[in-house]
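Form predicted on its own, single chain, as structure tokens, below.
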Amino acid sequence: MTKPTWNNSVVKWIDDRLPIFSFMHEETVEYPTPKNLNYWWNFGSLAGIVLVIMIITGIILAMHYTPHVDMAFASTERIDRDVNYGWLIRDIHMNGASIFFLVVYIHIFRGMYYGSYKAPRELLWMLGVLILLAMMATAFMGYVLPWGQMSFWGATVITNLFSAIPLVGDAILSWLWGGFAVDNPTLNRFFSLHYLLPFVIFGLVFLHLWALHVGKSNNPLGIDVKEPGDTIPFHPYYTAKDAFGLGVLLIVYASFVFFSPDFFGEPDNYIEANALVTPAQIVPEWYLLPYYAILRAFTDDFIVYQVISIGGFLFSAKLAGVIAMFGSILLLLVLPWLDTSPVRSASFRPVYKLFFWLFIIDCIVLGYIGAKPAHEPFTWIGQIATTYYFFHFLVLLPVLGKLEKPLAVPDSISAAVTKSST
């Protein structure tokens, strides 16, 4: 690509010495993008915008928050009541976490449907999974900071899971707590990490975008660019499309912020933390509920646990639940190698398409079960849903990729676009 000519003398002077504007022009304006991208491709850029909103509001909130067990709850209330527009900043940040996860989950499921994890985009996908893991850690630690009842007991329950890890579990737990229980050192650690991790996420996003621009964007057909006419410049075609998507997202976002700011919250978290009073039911935020359901599915009478642990001889049900919970996310890292189909897009895989939507339903069921009490019939429903979750990745995808006969794939993007328009 030819270097652009800048009319602004200041921009030209800087670009001659540090070609940052030329780089941005090449990667954000002239960047060749498949001409058939639909609105499902908006969610990557939307996630980046929400991340920036979260970082800015988080920095402002940190200026007024006091990370001490005696003052954290009161400082949170002060932000809502006494800081100028503090209620707005906090509601944007609080609901932004849910919006961020919603956008990222849609982005991930889109990638799974269209096979965006397949070669040559394996590293791009793996970086995306690392971003998801960092988001979960950041969100969990942020949920603890208001120091309400659900914050305190959620931290107590989740951190205690590390004690199930052999040899190093107790050491990890002591480091997280900073003592012998969830207390002031714990809150300080979580505040520090919650402030730091978003910048780690930002770095991972940079690498994610770098990998995207090296491997190039996938598309709904799941085929590579083969002709010059298969692509169009990113600007103005997709910037306009992203702007429309951003407008829709901001309407939804603002609806929660201004009309239902506590929709995603728990009433118990408006009660100051009390180590002597346990809430009737301890639940994490909605975006962590499927993994919480997987964790709770492993009980001593769960048949899958009995089989893999040889009747409980190898490891406890608690350890099995912890391994399964983290394994359910780490499985995504090896998804490019678990899916053995030569075709990327589910548009040409009718059998896989059915199982993909069944997998979506399974994830929704897990989220529903995660919010319910740990008794029947929710326990066995969660165990069935957990079993299918791992069956989908470990058995179904490898076998289906070998057995399924996909439909004919178009010769090129241009041929498919031209055919669909006639």
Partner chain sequence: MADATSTAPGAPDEGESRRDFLLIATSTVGATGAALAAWPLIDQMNPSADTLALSSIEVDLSAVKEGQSITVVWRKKPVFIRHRSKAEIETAQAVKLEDLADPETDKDRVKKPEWLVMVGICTHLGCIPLGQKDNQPKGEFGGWFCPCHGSHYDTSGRIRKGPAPKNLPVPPYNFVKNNIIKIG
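Keep in mind it's a predicted model, so treat the numbers as computed, not measured. Numbering follows the first chain given and starts at 1.
Just so it is clear, the following notes concern the form predicted in complex with the partner chain, a form of the same protein that is not shown.
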Item checked: Options 347-355, 142-150, 77-85, 262-270; stretch whose heavy atom lies within 4.5 Å of the partner chain in the model of the complex -> 77-85
Next item on the list: Classify I56 as contacting or not contacting the partner chain in the model of the complex by the rule of any non-hydrogen atom within 4.5 angstroms, answering yes or no.
Entry: yes
Check: Taking heavy atoms and a 4.5 Å cut-off, does I89 contact the partner chain in the model of the complex?
Finding: yes
Notebook entry, point to check: So, in the model of the complex, is H64 in contact with the partner chain at a 4.5 angstroms heavy atom limit?
Noted result: yes
Note to self: I'd like to know if L37 sits close to the partner chain in the model of the complex, meaning any non-hydrogen atom pair within 4.5 angstroms.
What the structure shows: no
Next item on the list: Work out which of I49, I60, L396, C363 lies within 4.5 Å of the partner chain in the model of the complex, going by heavy atoms.
Entry: I60
